[in-house]
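Same chain, two versions here, written out as structure tokens and called structure 1 and structure 2.
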Structure 1
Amino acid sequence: MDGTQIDQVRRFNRTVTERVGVLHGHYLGRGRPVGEARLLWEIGEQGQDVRRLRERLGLDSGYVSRLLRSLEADGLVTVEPRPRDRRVRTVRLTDAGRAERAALDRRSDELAGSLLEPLNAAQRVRLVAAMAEVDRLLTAATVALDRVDPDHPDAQHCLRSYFTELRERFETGFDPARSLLPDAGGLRPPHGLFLVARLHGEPVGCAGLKLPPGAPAEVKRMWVAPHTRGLGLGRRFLAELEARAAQHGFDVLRLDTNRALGAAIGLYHSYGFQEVAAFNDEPYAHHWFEKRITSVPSE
């Protein structure tokens, strides 16, 4: 990795931590560290499961427990087991906690204003646009791709969402039972694999890879949640599936798609796929693509 890029990232991190005040033990002048303040904001008006908070913030269980004990001791939150499943704990703000959260919101607005105030109008526009871009890219870097069984709840969530979208977008609707892959269970080893993308612990995309003996590898069931489109996840899925196919000794990667999926077709072209003659009789396909890849079977 480029050392100059690493240095710039570290310099940016130092500037941000200094300017937003996270170096101080009393964040925003409210007498508590930034970890407790952020937890109050994430809990929100409706409350949150403790496990969800850990996943959202990427914190370990022990640290979150310490933060919650401190907030509970200050009378800002309550932590109680869910009545129907006592293994699941839910944290909620008290009246005092809601007042503290409101105060933190006001101070946060003031801090944001203090960052913008010294700049002229053009500089403010540039800074806000740059922050939006950094936020988008950092969010993209936060997404994790994990190999899971197609029957995993996160995989099933993505597949249901994918099928719902296809039913709405295809002229003829969509029935997975009529497709050439009626059951994603066909994407289990040794004849395939299935990936799920997760952002803050929540499933936001999926992609499968068929690894048929004596035939090219094939991308199947690739979907990205609408609210995470633009983060480059489609291209990332393709790169990961290509690498996995190459590791299994394949030198050709194929896929088919429907004409209604214009953005996906554009992605395939830009990623190096070439349109070819139909290689299957998928009833929902109008375009067929193929890409030559470098086989690198593992030893």
Structure 2
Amino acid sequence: MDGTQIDQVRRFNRTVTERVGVLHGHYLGRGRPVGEARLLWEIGEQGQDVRRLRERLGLDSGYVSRLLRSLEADGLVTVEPRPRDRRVRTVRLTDAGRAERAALDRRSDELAGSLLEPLNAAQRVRLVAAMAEVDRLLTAATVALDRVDPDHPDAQHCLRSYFTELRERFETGFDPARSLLPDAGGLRPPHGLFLVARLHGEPVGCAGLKLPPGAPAEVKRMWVAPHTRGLGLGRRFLAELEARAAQHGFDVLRLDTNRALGAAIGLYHSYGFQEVAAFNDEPYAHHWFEKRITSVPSE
């Protein structure tokens, strides 16, 4: 990361907060405090529990409560206890609330339009493409990789999605029972670990690592949610797993994969894996890969 890059990022921040920020306050603020507008937005068409709103917006419970009272007084929302658990309260938009939300929506469109308006068609295309790129890369930078137990709900969610996808993509379908699965404890310390990637708290990918004593480390069950592909997450998982395997003193990382997973195979090649002879008899595998890594035993 060099000084020129930092300077460019700072220039970008200044220009963007100036242009977008000023217009944002100007358009969206009209007549309604930003806090209320955000809330109105976050409630959505089907309503939300108050606690969830609080989490999503990261606000104090007292503050949210007060905002809701104000929206309620304006007739934009109704707040009712959830039948099953009457401590939890559910917020729903009234018709007036829906109308107000649509108005916000329109203003948001106007704001976007006013950024493009002074430009000619060619410039618009370039601006939008550059914005998409910035958007994608900033999003990528927001994804967090955390080690969790494979039984954690987020891990389970990813694994279910992973199996579903394999079932759809493998020519032969996929039955976890037929596959060489690590035993229950295989992906938790001390002989393994499991990572999930999260974007705004939602799980969007996973990867497991087997650390068998006396054998090479092995990547298992790497999966990235379709809507977050193209952010370089697969590569980041590999780098993280490689670093962790190295920390545990391993000097070879390997994995097997199915020929239907073309993008993954491309990734393994470009990340420095070499194709090797079959090192196991996984029935769903067509390719086996291996990479020498630099062991860095922790002291």
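Between two forms, the rigid core is the largest collection of C-alphas that superpose within 1.5 Å. This is a predicted model, so every value here is computed, not measured. Counting starts at 1 with the first residue of structure 1 and goes up one by one along its sequence.
- Only structure 1 matches the form predicted alone.
- Residue 270: CA moves less than 2 Å between the two structures after rigid-core fitting.
- If you fit the rigid core between the two structures, you'll see the Cα of residue 232 move by less than 2 angstroms.
- Taking the rigid core as fixed, one finds a CA shift for residue 49 of 2 Å or more between the two structures.
- On core superposition, residue 59 has its C-alpha offset by 6.8 angstrom between the two structures.
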